[in-house]
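What follows is one chain in structure tokens, specifically the form predicted on its own.
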């Protein structure tokens, strides 16, 4: 596995931890306000980029 792929795994995990923290902030109903929704969308876009790197490095 390349260093780039390993870095992408760790970066994606860190980003998902940010999402987990956001969900903990909004417990129990997980009703996000507009700022939280924007933060979640930005974070999830970053996760998608890391997954794309993994696909590129490991599958293609």
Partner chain sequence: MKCAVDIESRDVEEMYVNIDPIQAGGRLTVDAMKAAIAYGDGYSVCDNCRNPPRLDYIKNPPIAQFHADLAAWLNMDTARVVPGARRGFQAVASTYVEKGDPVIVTALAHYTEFMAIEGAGGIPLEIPKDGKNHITPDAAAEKIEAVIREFSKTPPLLFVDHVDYQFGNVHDVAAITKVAHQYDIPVLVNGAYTVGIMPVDGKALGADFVVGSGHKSMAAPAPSGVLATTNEHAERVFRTTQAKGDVTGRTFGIKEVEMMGCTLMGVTVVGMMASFPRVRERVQHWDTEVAHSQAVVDALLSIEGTKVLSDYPRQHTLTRIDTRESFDKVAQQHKKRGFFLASDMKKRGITGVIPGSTRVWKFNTFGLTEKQIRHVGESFIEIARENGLNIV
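Numbering follows the first chain given and starts at 1. Values in this document were obtained by computation on a predicted structure and should not be read as measured data.
The same protein also exists as the form predicted together with its partner chain; that form is not shown, yet it is the one meant from here on.
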Report task. Report whether all of 18, 24 and 27 sit within 4.5 Å of its partner chain in the predicted bound form, measuring from non-hydrogen atoms. Result -> yes
Even though the partner isn't displayed, in the predicted bound form is residue 38 close enough to its partner chain, meaning a heavy atom within 4.5 Å?
no
Handout entry: Distance check, residue 13 to its partner chain in the predicted bound form, heavy atom within 4.5 Å
Key = yes
Contact check, 37 to 51 vs its partner chain in the predicted bound form, heavy atom within 4.5 Å, ordered by sequence, gives none
